[in-house]
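This document starts with one chain, in the form predicted alone, laid out as structure tokens.
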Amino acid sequence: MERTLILCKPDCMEKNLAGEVLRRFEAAGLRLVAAKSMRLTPALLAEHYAHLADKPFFPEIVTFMSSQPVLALILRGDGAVGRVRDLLGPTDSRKAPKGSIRGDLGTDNMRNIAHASDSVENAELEMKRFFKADEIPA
């Protein structure tokens, strides 16, 4: 059983879509094992998006992701990382097919409803980044 991290981004929260996003994950057989609302700090975002820090759009990401609280989720299930990414669709919502979460609910490359871990290894790192050890079930 894999675990993965999802962040319901500010656009998701602003549009009141977190319940719909979670409903789709649960309908696909994934189990919610942890959730919390949190405001992301510039320091946390700099760590999370370190691979993008030298890009010209990095300040826009920090501004957007810190604009209001996000909902951090940990989901568990067989092949959870890949299944979540399949359900979300491509990062750019404009290229995501209808029926995918981003294709149905997202707007563009940044306002794409949710972040999802891209590998089992990154999921473990990201869960520890956004949740304290005692908030992560075994």
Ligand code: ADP
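Heads up: residue numbers just count along the shown sequence, starting at 1. As the structure is a prediction and not an experimental result, all values here were calculated from the model.
There is another form of the same protein, the form predicted together with the ligand; it is not shown, and what comes next is about it.
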- Task: Indicate whether the ligand has at least one heavy atom within 4.5 Å of a heavy atom of His51 in the model of the complex.
- Result: yes
- Is Ser37 close enough to touch the ligand in the model of the complex, meaning at least one heavy atom pair within 4.5 Å? no
- Query: Would Gln68 sit within 4.5 Å of the ligand in the model of the complex, counting heavy atoms only?
  - Reply: no
- Even though the ligand is not shown here, does Thr91 get within 4.5 Å of it in the model of the complex, heavy atoms only? yes
- Counting only heavy atoms and a 4.5 Å cutoff, which of 70-78, 26-34, 107-115, 39-47 contacts the ligand in the model of the complex? 107-115
- Message: With the partner left out here, which residues of 1-28 have a non-hydrogen atom within 4.5 Å of the ligand in the model of the complex?
- Response: Lys9
